[in-house]
Each structure stands twice: as structure tokens, then as C-alpha cells.
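The chain that follows stands alone, in the form predicted on its own, written as C-alpha cells.
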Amino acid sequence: MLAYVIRRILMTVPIVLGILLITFVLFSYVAPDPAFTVAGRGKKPAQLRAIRKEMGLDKPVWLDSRAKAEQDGREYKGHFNSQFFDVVLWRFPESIKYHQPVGELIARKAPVSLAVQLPIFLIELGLQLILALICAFNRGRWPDLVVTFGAVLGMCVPYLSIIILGQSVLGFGAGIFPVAGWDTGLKSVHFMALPILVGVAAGLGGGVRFYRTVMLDEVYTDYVRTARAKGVSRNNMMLTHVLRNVFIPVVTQTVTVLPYLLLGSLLLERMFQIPGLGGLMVEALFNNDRPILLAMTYGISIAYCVMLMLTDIAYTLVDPRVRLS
């Protein structure tokens, strides 16, 4: 297993660098100049040059061992002093809007996103598996028809419509939850409740449909028929036979979602004014805040590749037939 992990890590490095390279090229050659975002287009060239120097944009874009430049009165060679290698080594300038180090911003806002997204993820997963089992063991009967109809209906309704409906009915109408906002400590639970309910309702349908299909394939296998013939109870069969044998698609579906728990839902956090990473990402897009966008892209790509590797390792734990080689 150690050799496999090392090989996967070595494969991950060029993938992450490739993602970062594409993102960096897009922001360097397609996106507007951040100096104009900070100073405005009416500023003089000397002022724009000063802003670019402060943000590190006066450095060579790519590694060039022959290039030399002046910075703080000293000459430096291009080795690891280009803009791209600053990003690779996690040397980001301060945020354009917040004027704070990017790492501190991400560390402060990540727990907020997790506080909302982790309950959504756990509640969704539990309900999806339970409803999928009910559908699989009642195929063609009214429980299966009702749940399947509800799942398809939920998939057809846009995410934004579910958010607006939740705010209108449970917020403005019934007054049970605040429509938007955030607070610290235990008071935040009151603000978290409605976004969590909306997030679960929006994501439930797709998972139920997926797990229903997986479990239907498992329910009609020979070993389940044999267990039924031997008089194994339905609950015992569902929990100890069927559910254990569908863990591989469950692991595949869930582990690859974990990196996005940190990012949060861009639309959900924006509509409910939750000060998490999703809202930070949207604001960075509107403000052309390049340091935040590059840092978030870099971090998510690393987390996603790591989770893919952990997914393959988890296969060996849930299914002894799987071998890593």
C-alpha cells in the first residue's frame, strides 16, 4: 500500500500544478489588471506601477533564470521569484478588498462554511440511504412511487427557487427562522437552521435516485434471494447484507464531495449572507480579487486529489476483494 500511496502522490503533483497553471494563465492574460481594480482607470501610470510592485505583479510572470529586476533596491534572479512560483509556494499578496493575508481570511471563514455544510452533508447522506433502501425493498409499490416522484420533483426544481421558497415560507411567512444573517456562538444555530433545511431539500433528490439504482442491483442478487429463502428478516437483510455491499459507490459518491464542504455553496451562502468561503469566493469574483481566487483554486485542487487517493484506499477497507497495486 505504501508504494501505491507514493505513486499516487507523485501523480497528484503534476495534476495540481496543471490546474494551477491553467488558472494562473487565465487570470494573468484574460482577467483585468488588479491594479485597475484597486486604483481605478483614472490613475497615472506611476501610481499603477507602484500598486503592481506592492502586489508583486512587477516580477517576471514565469521562471526566467536570465531575467533580473529591481525590487527594494536589490537585484534578484528569476529563480523562484516569478509570479507563478510565488503562487506555487503559497506566497500570496494581501486580498485586494480586505487588505488582509489570504491565509488568515481562509482560516477564519472555513469553520463557518463547515458549520453549515457538514450538517447538510451528514443529514443528506443518512436520508438518501434510508429512502433508497425503502424504495429498493418496495419496488413498484406506493412507497417507492412516492419517494421516486418526490426525488425527481426535487431534482427538477432549481436550487435558487428552493432557497427563495424556504425564505418566503419559513422566513417571511411563518417567521420561524431569520431570512438571512449570521451570529457567533450558540446564537448562530438559529441562523444555520434554515440554510441547512434548504441545502438538504435541494440535494436530496439526486442522491436518492443514485442510491436507489445501486441498491436495486444488489437487492435482486442471488445471495439476497437465498437469505430471504432462509427467513432472514428484512431489517437484518437491509443493514447487514445490502447496505454493506453497496459501500463502494457510497464511498465514491461521498468522499469526493468532502473537499467542497470547505468551499461551501456559493449560492446558499450568498443568498443567506453567511460569511463563509462560498460568499468570499463570490465577492472575489466580483472584485477581481486574484489572490483569493488563486488560493481557493489551489487549495480545492489539492484537497480533491487527496480525497480521490483516500477513496481508493477506503475501497480496501469496505471490500476485502479490492487490492491496491
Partner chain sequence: MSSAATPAAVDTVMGAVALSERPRSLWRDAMARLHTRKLNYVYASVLAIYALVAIIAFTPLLGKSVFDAQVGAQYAPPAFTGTVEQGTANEHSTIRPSLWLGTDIAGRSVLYKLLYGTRVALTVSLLASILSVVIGTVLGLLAGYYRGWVDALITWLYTTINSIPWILLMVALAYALKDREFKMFGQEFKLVGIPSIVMALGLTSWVGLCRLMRGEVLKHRERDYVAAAKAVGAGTSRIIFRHILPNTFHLVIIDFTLGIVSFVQAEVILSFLGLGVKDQPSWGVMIDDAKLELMRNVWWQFAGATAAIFGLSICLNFLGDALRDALDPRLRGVD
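For clarity, every value in this text was computed on a predicted model and none was experimentally measured. Numbering follows the first chain given and starts at 1.
Heads up, the form predicted together with its partner chain isn't pictured, but that's what we're talking about next.
Taking a heavy atom within 4.5 Å as contact, would all three of Arg139, Tyr159 and Ile300 count as contacting its partner chain in the predicted complex?
Yes, all three are in contact.
Give a yes/no on whether Tyr304 approaches its partner chain to within 4.5 Å in the predicted complex, heavy atoms considered.
Yes, Tyr304 lies within 4.5 Å of its partner chain in the predicted complex.
Would you classify Ala314 as touching its partner chain in the predicted complex, given a 4.5 Å non-hydrogen atom cut-off?
No, Ala314 stays farther than 4.5 Å from its partner chain in the predicted complex.
Contact between Ser233 and its partner chain in the predicted complex at 4.5 Å, heavy atoms?
Contact with its partner chain, no.
So, in the predicted complex, is Met155 in contact with its partner chain at a 4.5 angstroms heavy atom limit?
So Met155 counts as contacting its partner chain.
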